[in-house]
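Next up: just one chain, as structure tokens, the form predicted on its own.
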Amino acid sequence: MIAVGSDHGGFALKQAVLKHLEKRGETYHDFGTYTEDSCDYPDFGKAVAHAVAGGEYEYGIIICGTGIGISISANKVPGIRAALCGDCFSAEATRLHNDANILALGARVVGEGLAMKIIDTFLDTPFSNDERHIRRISKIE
């Protein structure tokens, strides 16, 4: 199950992401925002992060204009490893090496087509379980 959230800057891309997740057969919950009215990205980044950290959701996808602010907000929640990715290589590497549990996207940075490829890469890449990566993740925690 995937938790999804965005601020107003990521709203349009989030709508496309939800359709893409449906096509993939993924189960998700939309934590908002539900309009393009101005709002605060920390509210949605933290809502998704708490849902993932609480174990209700395996992964999260969060979106704001750049992806920076919302990822910083999500990473304040213990147990969260939110990664801002603007390319497929980063999405693959963060799953393999960091066991990232939340993907952050910048709606004003990546186009819709690339965003969907990044999402597919993130969701389809398992954690490597290599000892060195496990050791490094525990140092992050």
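The numbering used is simple: start at 1 and walk along the sequence shown. Here the structure is a predicted model, which is why all the values come from computation and not from measurement.
The form predicted together with D-ribose is left out here; the points below concern that form.
Peer 1: Please determine whether Tyr41 contacts D-ribose in the predicted bound form, using a 4.5 Å cut-off between heavy atoms.
Peer 2: Contact check for Tyr41: yes, within 4.5 Å of D-ribose in the predicted bound form.
Peer 1: Does Leu114 make contact with D-ribose in the predicted bound form, using a 4.5 Å heavy atom cut-off?
Peer 2: Result no; Leu114 lies far from D-ribose in the predicted bound form.
Peer 1: Does at least one non-hydrogen atom of Lys76 fall within 4.5 angstroms of D-ribose in the predicted bound form?
Peer 2: No, Lys76 stays farther than 4.5 Å from D-ribose in the predicted bound form.
Peer 1: Just checking whether His29 would be counted as a contact of D-ribose in the predicted bound form - the rule being heavy atoms within 4.5 angstroms.
Peer 2: Because no heavy atom of His29 falls inside 4.5 Å of D-ribose in the predicted bound form, the answer is no.
Peer 1: Which single stretch, out of 7-15, 114-122, 129-137, 20-28, brings residue heavy atoms within 4.5 Å of D-ribose in the predicted bound form?
Peer 2: In short, 7-15.
Peer 1: Pick from Thr66, Asn98, Ser90, Thr33: which residue has any heavy atom within 4.5 angstroms of D-ribose in the predicted bound form?
Peer 2: None of the other options qualify; the answer is Thr66.
Peer 1: Sequence order please: the residues of 100-119 with a heavy atom within 4.5 Å of D-ribose in the predicted bound form.
Peer 2: Sequence-ordered list has one entry, Arg108.
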